[in-house]
Ligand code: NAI
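Below you'll find only one chain, the form predicted alone, shown as structure tokens.
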Amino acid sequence: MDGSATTTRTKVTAIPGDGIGPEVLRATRQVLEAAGARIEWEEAMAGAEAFRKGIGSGAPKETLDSIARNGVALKGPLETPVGHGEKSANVTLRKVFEMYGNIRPVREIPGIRTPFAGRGIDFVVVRENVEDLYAGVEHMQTPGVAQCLKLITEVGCERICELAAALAESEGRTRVTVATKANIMKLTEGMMKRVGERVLKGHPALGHEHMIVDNCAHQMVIRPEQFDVVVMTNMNGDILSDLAAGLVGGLGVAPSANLGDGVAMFEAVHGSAPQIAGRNLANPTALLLSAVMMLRHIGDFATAAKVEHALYITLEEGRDLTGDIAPEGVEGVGTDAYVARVIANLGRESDKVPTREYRPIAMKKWPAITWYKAASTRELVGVDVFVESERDPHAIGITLQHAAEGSAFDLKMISSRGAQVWPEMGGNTFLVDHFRARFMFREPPKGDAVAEITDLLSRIGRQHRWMHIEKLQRFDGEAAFTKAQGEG
């Protein structure tokens, strides 16, 4: 075991959460106390209770203040409204403190039955945690068409790829896989690919590769042993980290960390399981393993190893396990009995705990500035105007051509859900009342062309509802927009 226990107490914000959250947090605290972890807990509230009190973010100011003071939090699962209602309190906490990196270890656990047992799976999913579709910028474009903006930033990609490299180096790993959907989303997911490759060239001791994310999902099931560290954008990482957890036993045994500049939150990623709350049936393994990650984060490597070994010994021996992980034919026990067994095994060492010399993650420090990237040249070449119409594309094309007469623009094409429908290309595009009309300047405009664009919108608005526009630009001579399917 490496490292030595800390001699001072570390203040940690404890968020019990919802459903079984208070039970698994209490169980985790009991094990850490028995192991000698020098932690001073500061309990705080988030989730369903906050929503019931009318706090729309799910996280009261007192909780945010506690996390800001302490810089470290351990959190049980929180309820999140699905498809309606308030924002996710989990997302709120990550975004308020810019915890941009989500770390999900995927390691075979002795005694946990899975179809992949014995394969030696041991990799880490690193997920960008605050942008992409999870920026939560959504609008109803028409009564029947919704839009969610996929916001990917170059610095966001750089931060998460640097974190993936730093994590690999801290754990003695040798390869990082950047998984994206860059073959389809060439500007957003393509940015992750390009930046990832650039960042990892700056870490020559690490091998690196790019993999299309759907192939990555396939490869995780076919040959998961090939992976070491996998880094992804937010939604891809969210989905594939859950898939990866299924390889080693599911979310009930899956730990996670959320890391940012100066703040870290460790949590179980499983649900709140309200159907078993308060019945002494909850399995605290995921939160216990998250607490092990927390101990390493605060530099208490010895206690982290002590708890991890005790937990693995307990699972290996298969005695006094909760019902969801008990061996076949063996009756499960309650949370309290499971915790007692783990505590009884403190001080024993398992020969199945992966021999890995953990070191602190050398996270790059990012300046607290408004990040700005300048272009050497910038050209405005046109605008996309999104309109609502129940007419057919031919009729829309006629009206928009008439609207453009006498303006600074020519109508180039109209698309529906990304496919060109005017001029007609053939085929059979299913039409809805949401169209993108692409107008190109006849002559390069002077300045920002606000007057010309305003004039065009006024002309269009006489016959169509329009909901938003996008400027079509070239940065450093490269088109900063994509073409519709079928557009010449």
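All residue numbers refer to positions in the sequence shown, first residue = 1. Remember, it's a predicted structure, so these values are computed and weren't measured experimentally. So that the term is clear: the rigid core is the largest set of C-alpha atoms that superpose within 1.5 Å between two forms.
Same protein, other form: the form predicted together with the named molecule, not shown, and the subject of what follows.
Undergrad: Going by heavy atoms within 4.5 Å, which of 156-164, 135-143, 185-193, 272-280 lines up against the named molecule in the predicted complex?
TA: Within 4.5 Å of the partner lies stretch 272-280.
Undergrad: Taking any heavy atom pair closer than or equal to 4.5 Å as contact, tell me whether residue 25 reaches the named molecule in the predicted complex.
TA: Output for residue 25 is no: heavy atoms all beyond 4.5 Å of the named molecule.
Undergrad: Should residue 78 be counted as a contact of the named molecule in the predicted complex, where contact means heavy atoms within 4.5 Å?
TA: Yes.
Undergrad: Does residue 177 make contact with the named molecule in the predicted complex, using a 4.5 Å heavy atom cut-off?
TA: Outside the cut-off, so no.
Undergrad: According to a 4.5 angstroms non-hydrogen atom cut-off, is residue 399 in contact with the named molecule in the predicted complex?
TA: No, residue 399 stays farther than 4.5 Å from the named molecule in the predicted complex.
Undergrad: Could you tell me if all three of 13, 65 and 300 have a heavy atom no more than 4.5 Å from the named molecule in the predicted complex?
TA: No, because 13, 65 and 300 lack any heavy atom that approaches the named molecule to within 4.5 Å in the predicted complex.
Undergrad: Exactly one of 316, 324, 197, 349 has a non-hydrogen atom within 4.5 Å of the named molecule in the predicted complex; which residue is it?
TA: If I apply the 4.5 Å criterion carefully, the residue I get is 324.
Undergrad: Between 415, 90, 389, 345, only one gets a heavy atom within 4.5 angstroms of the named molecule in the predicted complex; which residue is that?
TA: When the named molecule is considered in the predicted complex, the option within 4.5 Å is 90.
Undergrad: After superposition on the rigid core, does the Cα atom of residue 51 shift by at least 2 Å between the shown form and the other one?
TA: Result for residue 51: yes, a 2 Å-plus shift.
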